[in-house]
Ligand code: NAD
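Just the one chain here, the form predicted on its own, laid out as structure tokens.
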Amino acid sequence: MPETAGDVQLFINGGYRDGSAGRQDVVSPVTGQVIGSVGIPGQDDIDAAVGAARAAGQAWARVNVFERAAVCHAIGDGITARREELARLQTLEQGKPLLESLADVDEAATLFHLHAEDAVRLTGETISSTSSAKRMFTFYRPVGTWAIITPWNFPLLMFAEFVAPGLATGNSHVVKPPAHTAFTVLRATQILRDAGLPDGLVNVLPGEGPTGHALVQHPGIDAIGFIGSSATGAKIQANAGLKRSIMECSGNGPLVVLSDADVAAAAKAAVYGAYLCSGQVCCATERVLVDRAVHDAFLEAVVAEADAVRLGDPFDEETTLGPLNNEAVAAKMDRHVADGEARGAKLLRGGRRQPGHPTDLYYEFTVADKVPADSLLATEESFGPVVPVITADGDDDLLQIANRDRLGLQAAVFTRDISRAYRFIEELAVGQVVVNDSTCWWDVNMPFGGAGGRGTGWGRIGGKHTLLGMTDLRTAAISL
């Protein structure tokens, strides 16, 4: 296991430089040890990165799509070649099991290949005109320079989710990962250089709120790509004005178990959705709504699945649940569990931090029954390894409870009846509905994002839809 990540610099205009606002030590949630430090950007660094991105982007937009695709393919190949190194570094700084980090790295590489091919096939159309003297057609142009603000739960993957389609369609980027999970992304910048990416198209400035705020308001930024909490997303949007944005924010489930469900499969999916990345996923098993008719059988199956979860060293191949990433999310779990118990929830498993580990961030896998629908476990995104079970009476009640939430990202429904499945697909107020699988089910080609009228943002991450969000549809009208 690597013990350190080293002291790293900002990545601006194809080179590395110290941050003018000093340095920040980074402590691993796995070991509790300082594993290195990152440079923190000042306003001059931000100005330099945005200036470099704008200058490089003007030239990149004129490069033909096949050449851009070739560079993206080379980046994907480079990520694959350094798969083990990147995965181990990500686990050290983030805390997730190594097998999960390996999967993240593989998916990041796939995204560069996928979006390279998507961009080549992103074509416009010829449109009929009411004038015999005109011909109209459409094509796609890059939006320009993007500020990309990513979270700490999937450091490399969520970098790739924006940068891969952005580069493929001719955009430039200034990326702000959180300072405490920036090592993997900064290590990947060498891969960009080796792949022949022109200087300035991708710049990386680790930082926290002030850095993000400065980027969002910077006059040289044309658009914003954000993945993170709804609270932060609202602040960004309040300061962004009319800048283009893709906002993928918080989710709160639910996983819905109907009376005819395969309860064993539903239980396995619920537990998986709560231990993946220690529950620190926007589409995690945040709420489980169970029809009273199958409650007892479902709960028995959940407890059996929960007992198979292994909390421990994320570099151990037997581990399925690593530490939480930071104290704030661990304290939130403490608060939500305590609130649930005070309101009458019954803890069947877990509910506390497990002693005997290098840090106080190793949280036991938690199962709570009889969770009140107005408790914090039900109404807020816990972002931890917990299965909160809420009981309902029939499909109408399940739908009502599910849609009572202010968020609306991804839901799952378990049923053997295709008609009931279609009803939930149509009536759940979320962006995606997964039938008979986990709320965490994901495909790289899947358009992923929040439902309209909810507090989960807009736009889509995945497949051609991200390319469409990062481009402008240009219309030409030519006189004959």
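What you are looking at is a predicted structure, and each value in this text was computed from that prediction instead of being measured. The first residue of the shown sequence is 1; numbering continues from there.
This next part talks about the form predicted in complex with nicotinamide-adenine-dinucleotide, which is not shown.
- The partner is absent here, but in the predicted complex a heavy atom of 150, alone among 150, 320, 375, 366, sits within 4.5 Å of nicotinamide-adenine-dinucleotide.
- Listed residues 232, 110, 379, 259 were compared with nicotinamide-adenine-dinucleotide in the predicted complex; 232 is the one with a heavy atom within 4.5 Å.
- Contact annotation for residue 316: none of its heavy atoms lies within 4.5 Å of nicotinamide-adenine-dinucleotide in the predicted complex.
- Remark: residue 115 does not count among the residues lining nicotinamide-adenine-dinucleotide in the predicted complex, judged by a heavy atom distance of 4.5 Å or less.
- Although the partner is absent here, residue 250 sits close enough that one of its heavy atoms falls within 4.5 Å of nicotinamide-adenine-dinucleotide in the predicted complex.
- In the predicted complex, nicotinamide-adenine-dinucleotide lies farther than 4.5 Å from every heavy atom of residue 72.
- Candidate site formed by 178, 228 and 448: every one of these residues places a non-hydrogen atom within 4.5 angstroms of nicotinamide-adenine-dinucleotide in the predicted complex.
- Across the options 127 to 135, 262 to 270, 210 to 218, 301 to 309, residues that bring heavy atoms within 4.5 Å of nicotinamide-adenine-dinucleotide in the predicted complex belong to 210 to 218.
- Looking at 20 to 45, no residue comes within 4.5 Å of nicotinamide-adenine-dinucleotide in the predicted complex, counting any heavy atom.
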